[in-house]
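Coming up is one lone chain in structure tokens, specifically the form predicted on its own.
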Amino acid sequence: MKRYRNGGIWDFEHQVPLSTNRPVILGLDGGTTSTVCICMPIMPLSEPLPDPLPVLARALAGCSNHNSVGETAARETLEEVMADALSKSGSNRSAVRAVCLAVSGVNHPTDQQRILSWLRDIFPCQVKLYVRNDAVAALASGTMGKLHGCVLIAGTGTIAYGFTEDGREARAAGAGPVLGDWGSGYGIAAQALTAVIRAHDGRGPHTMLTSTILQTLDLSSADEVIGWTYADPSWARIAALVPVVVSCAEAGDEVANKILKEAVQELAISVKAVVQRLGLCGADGKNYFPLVMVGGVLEANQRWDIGKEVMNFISKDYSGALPIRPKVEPAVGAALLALNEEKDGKEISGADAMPLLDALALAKAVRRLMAKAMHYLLL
């Protein structure tokens, strides 16, 4: 463990008496828009979980998706938000028993290994580490830490992720905007901006989106939309236009309605792909399974309720799908995952994660010993 690897963000630890440290778990949900870390005390799993759950502290930071901001910025954000949560809770790293990072952009075992190696630089060797895609924490937030069922996230980006009770898993979408996260906030807003340009140059129908988006962005003509878009094409900045699309659809604009209907179909297809691959619905398609729905695009705060329409679409084929709107945020779900992993006696999530990490550590140790041996031989 390196105590002050990233500037002075761990300086607060000098002020935390070791004798007062109670065992804690860190749960982190890292997305394209923001990153949340919560600090929670270890609780006995033999008893029902308290309601509300005892969250000692909550910290907020920016994007931690390495595909979006790069590895260096992502790593710094993750470390800073964890330090902030521990500082606010009056704890330090010696009190941490487990850390569960659920981060968007974790799409392959190599992504897991990279983040695990970062964490091992930060925390003592006895701390148990778990790294997952952020969709897994979102599922756990609806199932209170149990990995079974399917989760649909539709925020800036989108992904569907599912688990069976015997541990099989599958995902659909979540490949980012370049590869078509249609149905996401970015996808909806990007199609709206495209519709404005198509209407302006005569390739598409007239749409209310033009005047409404120009007014929202304080632009005077559709030509300026191109410059606005490419001046800063960050995913979250584009996705922020979703409420404009919804308001135009509610006002009866055909183009906006078509965009939202296509988004509903794309989101539903992602869920169906996961359910079919895992057989969550049973042979007759009627088995019950939890369907956790997370993300600003799915929030039921408007008359054009995207989440409700997605559920209606899915229910036509899978009547056993039980929609769940989580009562806790995904960062809490990540902490509950760590608690359940502790109960099951598991070390680090991800296929072959621990063996590879041990092999890397052993290789580093061997290289250090060989370097020392060469040094003495040359004396």
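Note that residue numbering begins at 1 and tracks the sequence as displayed. Bear in mind that the values here come from a model prediction, so they are computed numbers and not experimental data.
Another form, the form predicted in complex with a further copy of the same chain, is not on view; read the next lines as being about it.
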property: a further copy of the same chain: the contacting residue among 77, 191, 91, 207 in the predicted bound form [heavy atom, 4.5 Å]; result: 191
property: The unique member of 173, 256, 138, 100 whose heavy atoms fall within 4.5 Å of a further copy of the same chain in the predicted bound form; result: 173
property: Whether 179, 186 and 197 all lie within 4.5 angstroms of a further copy of the same chain in the predicted bound form by heavy atom; result: yes
property: Residue stretch of 91 to 99, 123 to 131, 207 to 215, 268 to 276 approaching a further copy of the same chain in the predicted bound form, non-hydrogen atom distance within 4.5 Å; result: 268 to 276
property: Proximity of residue 223 to a further copy of the same chain in the predicted bound form, heavy atoms at 4.5 Å; result: yes
property: a further copy of the same chain contact in the predicted bound form: residue 163, any heavy atom under 4.5 Å; result: no
property: Any non-hydrogen atom of residue 235 within 4.5 angstroms of a further copy of the same chain in the predicted bound form; result: yes
property: Non-hydrogen atom contact residue 201 with a further copy of the same chain in the predicted bound form at 4.5 angstroms; result: yes
property: Within 4.5 Å of a further copy of the same chain in the predicted bound form: residues from 135 to 159 (heavy atom criterion); result: none
